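Okay, here we've got a single chain as structure tokens, the form predicted alone, with questions on binding and movement later.
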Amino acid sequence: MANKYLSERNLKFLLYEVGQVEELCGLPFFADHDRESFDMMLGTALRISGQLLYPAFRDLDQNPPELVEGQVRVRPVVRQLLEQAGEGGWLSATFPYDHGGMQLPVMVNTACLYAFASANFSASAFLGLTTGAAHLILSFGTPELRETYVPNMLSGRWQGTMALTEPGAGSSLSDVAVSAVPTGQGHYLISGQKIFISAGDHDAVENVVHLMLARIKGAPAGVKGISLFVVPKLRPEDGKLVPNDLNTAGLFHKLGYRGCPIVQLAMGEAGDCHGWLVGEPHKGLAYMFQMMNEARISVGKQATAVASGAYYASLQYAQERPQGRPIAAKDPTQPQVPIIEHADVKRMLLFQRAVVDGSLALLLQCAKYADLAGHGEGEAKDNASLLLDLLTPVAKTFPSEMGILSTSAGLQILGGYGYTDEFPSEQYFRDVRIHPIHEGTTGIQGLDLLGRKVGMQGGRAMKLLAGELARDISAAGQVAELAEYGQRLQAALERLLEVTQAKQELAAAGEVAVFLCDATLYLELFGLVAVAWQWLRQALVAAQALASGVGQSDEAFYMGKLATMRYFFHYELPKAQGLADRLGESDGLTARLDARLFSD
């Protein structure tokens, strides 16, 4: 198999045929781009993935970062990647020209970064953190902060991070306790600890720049008292970098995702850790949500990428591994067949492909909404912004949770070999497990979706999404072989809307705990409907292509799309009914259960 971790054909199918990315070139911000420039960027990303990142996939896992005399050491490929990313403009690709960017659509950039993550998830994570932190400084920082930090970050010389989590404040950011004391000299003195900071220290860069949440002395309690600061490991003074009283107190040893260090930071142990306020005091969490939402989409992309690597590893194995004979065969002297000929292996491969290609389609849909929200005009811009907000927790969570199951199915295909490190499946399985946890756990995403997103502007976002689905359902009704699937999606959408209405009635009646107690199940239901929609969109394009006549290789590709769509609608979407049934009940079992009942 020429490509071991992703399908270039599928990427281009989703970008050009389904996503119609070239439509974005009609917007002034993207007017300098065309199919040729998009293909050039994607081709370069695939080359870097194949020549630099994939060869180091196992190395980063088997040789994780080390903390030596207070400095985290990482593998040489990290420095090579950051240097190439800086030189090639990957860190600033979507930024405006006047900030050194290429004004590349987020949709195309997402496809390119997906290629990086498919080849080597751990290595790719360094890039997104720096881009997100630099974007945050550009959006809300002073001209001095922008000038001091952003060029060095976008060149790949300085790493960026998001420093939120503390020992006593994980998902509950209202309990952030790191303190910031004003000095009257343009900076604050920062003190406290942060934990689980990805890429929080390493020797592949000259400096690490933390975008850190802290509480100014005397600030209000809760989230209304949180501010955002730039807190570098080394602070610029008189044209050189000096230590900033920020130390790596520990390095976490992880189940997977081992190539990227996750550190514990200690600030201000000597009373000399300087931090610079970003934006206005007490508005830090609102600012940080820009980076958090970008990171949540990125987590979905990374989970899908890992699941893609696992899919192609198990597909290759299934094509090459002889075992058994057709189930109806009676002659034991006949040669064995590859295991891909067995029905249950086909089912597991279809499940993997359904998750990977369905998730990637949803992520690229969200990326197009991001492009329209950022650079569109009028009602189209506003609608895209609402749809992106609504779908962000879904695009983060469906790939994260289903990616675990998909990767597990790939391991199962390899049997006993899948449980050994002789094949990459066990690493994919370990790597994928982080995604439902970081950048907001699945439970947090469910609360966000049901508790806040579906009710935005009186439910306008939900109405917009229902309208998007309705258009594709109507189009499916005009294609004989797809009409049934349009009807199935319509029924699932109606169940989702009915559950949403029932849940909102509970909230209106003051039953807030019961309203939200099964938010995670609601998110799961929502994800099934959203990804079914994406599969119907792919099927519409595939059916049209087959009807117009294509070559033999393309025929197999499009027929494979239709087969995987049918799998999703017959095997996965029916699970929505059970979820809807449970969500329609209002007993509040988990909310009302006495915690003492868990005792021995």
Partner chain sequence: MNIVVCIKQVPDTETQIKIAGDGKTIATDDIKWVMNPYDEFGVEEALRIQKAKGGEVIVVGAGPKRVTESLRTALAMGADKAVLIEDDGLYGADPLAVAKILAAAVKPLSPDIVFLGMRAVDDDAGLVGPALAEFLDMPNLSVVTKVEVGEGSVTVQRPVEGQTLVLEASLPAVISAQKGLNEPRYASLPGIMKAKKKPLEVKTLADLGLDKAGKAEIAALTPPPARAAGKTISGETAQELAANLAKALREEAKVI
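Quick caveat: nothing in here was measured; it's all calculated off a predicted structure. Positions refer to the first chain, counted from 1.
We do not show the form predicted in complex with the partner chain, though everything after this point is about it.
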4.5 Å heavy atom contact, Met559 to the partner chain in the predicted bound form: no
Contact test in the predicted bound form: Ser553 vs the partner chain, heavy atoms, 4.5 Å: yes
Contact label in the predicted bound form: Gly443 to the partner chain, heavy atom within 4.5 Å: no
Contact flag, Glu66 vs the partner chain in the predicted bound form, heavy atom cut 4.5 Å: no
Site test, Asp34, Gln84 and Gly88 vs the partner chain in the predicted bound form, non-hydrogen atom cutoff 4.5 Å: yes
Sole residue of Leu540, Ala56, Val531, Ile48 within 4.5 Å of the partner chain in the predicted bound form, by heavy atom: Ile48
Position in contact with the partner chain when the complex is considered in the predicted bound form, options Ala93, Ala384, Val394, Ala367, heavy atoms within 4.5 Å: Ala93
Stretch from 563-571, 25-33, 58-66, 541-549 whose residues place a heavy atom within 4.5 Å of the partner chain in the predicted bound form: 25-33
